[in-house]
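A lone chain, given as structure tokens: the form predicted on its own.
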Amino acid sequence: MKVYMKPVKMVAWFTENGVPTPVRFQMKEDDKEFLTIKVGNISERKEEKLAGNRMLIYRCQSEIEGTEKVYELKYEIGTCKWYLYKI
């Protein structure tokens, strides 16, 4: 997997306890328009601290441009920002 740490636009739903679950996201290609990806399967969710910032990491699998790919999304709890971490 290659590390990107690229900001994405996310649609997510939250539990009553405030835990987010990603549904779909958009990322900007280098020279293209936005690419919308529906999160197909979430196989793992874990929490880590990076430089004092709490982050949730989701290992997901989706069909991207006709190919099944495994990738990781990060949610920065303090700033409520989503990132495409690895693909």
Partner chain sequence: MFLHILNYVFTEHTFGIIILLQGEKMMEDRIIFHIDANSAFLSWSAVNALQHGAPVDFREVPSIVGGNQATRHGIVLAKSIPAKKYGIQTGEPIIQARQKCPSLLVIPPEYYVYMRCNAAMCDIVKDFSDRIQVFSIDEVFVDYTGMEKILGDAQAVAHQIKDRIKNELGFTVSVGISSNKLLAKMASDLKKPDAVTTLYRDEIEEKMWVLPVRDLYMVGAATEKKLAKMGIYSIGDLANSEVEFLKDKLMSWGEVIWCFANGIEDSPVKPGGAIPYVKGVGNSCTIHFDVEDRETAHKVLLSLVETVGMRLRQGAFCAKLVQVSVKTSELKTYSHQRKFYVPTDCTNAIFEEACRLFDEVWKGEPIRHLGVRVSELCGNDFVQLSLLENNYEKQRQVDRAVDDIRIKFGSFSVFRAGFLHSRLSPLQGGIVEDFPAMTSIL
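Numbering follows the first chain given and starts at 1. Since this is a predicted model, take the numbers as computed values, not measurements.
Separately, the form predicted in complex with its partner chain exists; it is not shown, and the next lines address it.
- Classify residue 53 as contacting or not contacting its partner chain in the predicted bound form by the rule of any non-hydrogen atom within 4.5 angstroms, answering yes or no. It does: once its partner chain is placed as it appears in the predicted bound form, residue 53 has a heavy atom within 4.5 Å of it.
- its partner chain contact in the predicted bound form: residue 49, any heavy atom under 4.5 Å: Flag for residue 49 set to yes.
- Message: Can you work out whether residue 5 and its partner chain are in contact in the predicted bound form, taking contact to mean some heavy atom pair no more than 4.5 Å apart?
- Response: Output for residue 5 is yes: heavy atoms within 4.5 Å of its partner chain.
- Message: in the predicted bound form, does residue 76 come within 4.5 Å of its partner chain, counting heavy atoms only?
- Response: Residue 76: contacts its partner chain in the predicted bound form.
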